[in-house]
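Shown here is one chain on its own, the form predicted alone, set out as C-alpha cells.
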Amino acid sequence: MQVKVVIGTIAFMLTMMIMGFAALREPARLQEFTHAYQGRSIESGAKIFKNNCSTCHGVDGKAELCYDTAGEQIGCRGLPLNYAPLLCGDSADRTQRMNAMNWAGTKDAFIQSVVAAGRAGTAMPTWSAQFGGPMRDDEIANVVAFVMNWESEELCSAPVITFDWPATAEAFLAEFPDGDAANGEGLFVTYGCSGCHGVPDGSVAAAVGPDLSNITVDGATRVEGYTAEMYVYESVLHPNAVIAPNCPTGPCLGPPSAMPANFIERMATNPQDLADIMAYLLGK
C-alpha cells in the first residue's frame, strides 16, 4: 500500500511539474504561433497587393513606380501607403492622414475601411465582397497586415524634409525660373498625375481628375484674378482650395478633393520638380 502511495505521489508530482513547465512555456508558444500567423497573413497580403494594388500604389507602396499588366510604366493613381504620414504618429492610433480625414478610430481600422469600401470620387474602388467587391474578409485583413508591416523605426524616425513654399506662384517662379518642360513631362507620370488627368496632348484621356489639355485657358479663367500659373501652383499644393467644376465622370467632388493633398510634402525634397511640371503643363 505504501509503495502505491509513493508511486502515486511521484506520478502526481511529475504530472504537476510537466503541467507547470507547459504553463510557463505557453506564452512563448502562443507568441510564436501569433508571429507565424501574422507572417502568413503578411505574405498572403503581399501577393494580393502585387496583383491588385501595385498598379495604382506602386510596386513598393510609395506611389512612385507603377506598371500596367503589359509591364509598361504608367502614372500612379493612388496615394502612397509606404509613407510616414499614413503609418507613423504620436501614438499607434493617430497619424497625419487620419487627422486629415478626421478619423477617430484605430489605424488598422482606418486602413481596413478604405480598402474594404473604397473612396467615392477617386480611383480607389470597393474591394470587400460586403460592399460588392471581389475580396473576402480574410483577404482584406491580409492586405491591411501587409500595409501595416511597412511601419518601421527607420520609416518613422526619418527626418521630415520641409520647404518654405512661397505664398504665390510668381514668387515661386522667381525662385525657380528655369522650368524644364521635358523633365516635367516625365515627372507628370512619376508623380502619378497622368494616372488621373491623362496626358495634356489628348493622347490619353483623363480618367478621374479634370482634363488639363486646355489648362492655360481654364487656369486663367476659372478663378477671378488668377493667372494660369497661380491656378496650377495652388491646385498642386492646396487641392482643396478650389475644386474644378467638371471631371470625366461628372461634377468633381469635394472638398475634400480627390486630388492627393501630399504634394506639398512630397515635392519638398526637390521643389524644382513643380517648376518643371508647371513648364510642361503651361508650355513654358
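Just count from 1 along the sequence shown to find any residue number. Keep in mind the model is a prediction, meaning the values are calculated, not measured. Each form is matched to the other, and the largest set of C-alpha atoms that superpose within 1.5 Å is called the rigid core.
Separately, the form predicted together with heme C exists; it is not shown, and the next lines address it.
Participant: Using heavy atoms and a 4.5 Å limit, would one call residue 46 a contact residue for heme C in the predicted bound form?
Facilitator: Close contact is absent here: in the predicted bound form, residue 46 is far from heme C, nothing within 4.5 Å, heavy atoms only.
Participant: Might residue 257 be said to contact heme C in the predicted bound form, defining contact as any heavy atom within 4.5 Å?
Facilitator: Residue 257: yes, in contact with heme C in the predicted bound form.
Participant: Flag residue 222 as yes or no: does it have a non-hydrogen atom within 4.5 angstroms of any non-hydrogen atom of heme C in the predicted bound form?
Facilitator: Looking in the predicted bound form, residue contacts with heme C include residue 222, since a heavy atom lies within 4.5 Å.
Participant: Give a yes/no on whether residue 243 approaches heme C to within 4.5 Å in the predicted bound form, heavy atoms considered.
Facilitator: Residue 243 belongs to the contact set for heme C.
Participant: Since the partner isn't included here, can you check whether heme C sits close to all of 97, 115 and 231 in the predicted bound form (heavy atom within 4.5 Å for each)?
Facilitator: All of them do, each having a heavy atom within 4.5 Å of the partner.
Participant: Under a 4.5 angstroms heavy atom criterion, identify the one residue in 141, 135, 74, 169 near heme C in the predicted bound form.
Facilitator: When heme C is considered in the predicted bound form, the option within 4.5 Å is 135.
Participant: If you apply a 4.5 angstroms heavy atom cut-off, which residues in 179-214 are near heme C in the predicted bound form?
Facilitator: Going through 179-214 in order - heavy atoms within 4.5 Å of heme C in the predicted bound form - the hits are 188, 191, 192, 193, 196, 197, 208, 209, 210, 212.
Participant: Rigid core fitted, is the C-alpha displacement of residue 80 between the shown form and the other one 2 Å or more?
Facilitator: The answer is no, as the C-alpha of residue 80 shifts between the shown form and the other one by less than 2 Å after core alignment.
Participant: Core-aligned, is the CA shift for residue 212 between the shown form and the other one 2 angstroms or more?
Facilitator: Moves: yes, 2 Å or greater.
Participant: On a rigid core superposition, would residue 223 pass a 2 Å threshold for CA movement between the shown form and the other one?
Facilitator: Yes.
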